[in-house]
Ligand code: GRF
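Single chain ahead, by itself, as structure tokens, in the form predicted alone.
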């Protein structure tokens, strides 16, 4: 078998980074996947603390830094192959979409196309699910394109929403699905691409 080079994944996060940490831990002993850096758009985001603990360099890049190519330059310096959004709230600019075609993956805490689009993130999504009396919710893992939450769907998983469930109850169920499925789907897509 030919020697396959390791795949380098950049993680982008805006908040606590629990999904990002879960992903890194999943791949801890994987010989073909590396995480050269983590990017956040907020200096105070807790993901920076997690990055220190995980021994991965983390950088804060402002919205304009993403738009003017500063983020792209950093990703290219680290020879990044894939970008994974783990709770990243900025819209991905065209310069990244063009540099990483079908190589940027996001997770959304609902069953797209429902409850997607600008402003639909985190608790806003779960509140909307409960307000609409949905009987199920879940996660959608999808490629990123130029529109919020409209890229090609890779994977969905569902959980029931009970009449008595609060938005916090739904959030807990969805978070459990994120933890369980996101790293495995990344592995399938990224390592699948390696062997092609």
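Because the structure is a prediction, the values reported are computed rather than measured. Residue numbers count along the first chain shown, from 1.
Heads up, the form predicted together with the ligand isn't pictured, but that's what we're talking about next.
Contact check for residue 107: a non-hydrogen atom falls within 4.5 Å of the ligand in the predicted bound form. For the chain shown alone, residue 175 is a contact residue for the ligand in the predicted bound form, at least one non-hydrogen atom being within 4.5 angstroms.
Of the residues in 67-105, those that come within 4.5 Å of the ligand in the predicted bound form through at least one heavy atom are, in sequence order, 86, 87.
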